[in-house]
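The chain below stands alone and is given in structure tokens; this is the form predicted alone.
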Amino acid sequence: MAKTKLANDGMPKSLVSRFQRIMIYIVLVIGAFFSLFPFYYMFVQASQPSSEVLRFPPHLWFGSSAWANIQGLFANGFGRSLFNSAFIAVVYASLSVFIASLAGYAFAKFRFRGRSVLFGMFLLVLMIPYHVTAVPLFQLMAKITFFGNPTWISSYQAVILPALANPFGIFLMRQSMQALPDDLLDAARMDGASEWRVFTKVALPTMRPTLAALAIYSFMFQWNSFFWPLIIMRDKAMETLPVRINALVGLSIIDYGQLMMGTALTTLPIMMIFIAFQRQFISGALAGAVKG
């Protein structure tokens, strides 16, 4: 008979391996519970009336006031804020990814004087607190005219344009483009392809995971942005979702049911996007980690 291999403590190795897997699964289940329970609790409280949200012991199952909370939110302009956030986030993500891919391609594949210095200046921008630039940026937006409008205050472009040249996006695309073989690009040039065609037909298709990751990051950045829209959007009709949810917190009366529902509806699109594109997000974020 074949002898069973034993571990150092005298137990069969198969039994030890099975015990280790069970312990790993237990730890993962516990970690998943603590990670997902706050989201579950948020959706449960979003379905409760305001008087029941802060009760003790708390409700752990869904209530019957979800539709009433949704109606109260949209009666207070939540629908307009939802459109504002979606429009700003989609337009910003599209333009930011396009600009970052162009800059990343140039920094990775072109040789020109001052390239390293210019790229280093982009990285230095990451060290400057965003709040430091708020006052001069607000003054700039107040003085710019656009198609006859005397100011950019309370306009979509005032939120979208200032952060388009995202240093993180440029850095991410540059690192990914560096892994693209130069021989592949040279072969396309020898076949008569223009530089624009090489970029759009050869370079970009190979960067799809990184482009998807950057698009998700850019969308989340603007979707969750609060500080700058709070300052620049002076018109109530132009408020974004984070600003509108903050406005639900009154000085004396707070409808906690609507507040939780607004938070849940704001969080839900981000959760759905990440679940749908989590593989692209992870692979794209790691694409430039190891240079091939």
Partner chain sequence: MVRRNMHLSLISLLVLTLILAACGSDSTATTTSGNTGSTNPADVKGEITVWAWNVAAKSLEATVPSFNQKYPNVKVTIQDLGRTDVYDRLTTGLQAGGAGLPDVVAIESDRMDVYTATFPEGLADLTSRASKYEKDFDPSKWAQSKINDKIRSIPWDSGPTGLWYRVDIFQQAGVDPKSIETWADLIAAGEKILTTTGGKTKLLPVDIVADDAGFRMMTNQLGVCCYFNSDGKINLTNEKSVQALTLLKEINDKGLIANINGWDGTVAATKNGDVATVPFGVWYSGTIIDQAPDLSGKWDVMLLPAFEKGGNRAANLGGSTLAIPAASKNIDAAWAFVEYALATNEGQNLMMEKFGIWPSYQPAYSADLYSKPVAFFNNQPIWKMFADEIKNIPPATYTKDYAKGQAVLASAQSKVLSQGMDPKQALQEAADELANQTGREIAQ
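Just so we're clear, the structure is a prediction, and the values are computed from it rather than from any experiment. Numbering follows the first chain given and starts at 1.
We do not show the form predicted together with its partner chain, though everything after this point is about it.
The three marked residues, S35, P162 and A193, fail to reach its partner chain in the predicted bound form, with no heavy atom of any inside 4.5 Å. By the criterion of a heavy atom within 4.5 Å, F56 is counted among the residues contacting its partner chain in the predicted bound form. Proximity of S64 to its partner chain in the predicted bound form falls outside the 4.5 Å heavy atom cutoff.
Y256 belongs to the set of residues with a heavy atom inside 4.5 Å of its partner chain in the predicted bound form.
Among heavy atoms of A75, none comes within 4.5 Å of its partner chain in the predicted bound form.
With the partner omitted from this view, the residue of L102, V117, L126, V132 that lies near its partner chain in the predicted bound form is V117 [heavy atom within 4.5 Å]. Exactly one listed residue, out of Q71, T200, S94, Q139, brings a non-hydrogen atom to within 4.5 Å of its partner chain in the predicted bound form: Q139. In summary, the region of this chain contacting its partner chain in the predicted bound form, judged by heavy atoms within 4.5 Å and restricted to 231 to 239, 22 to 30, 35 to 43, 261 to 269, corresponds to 231 to 239.
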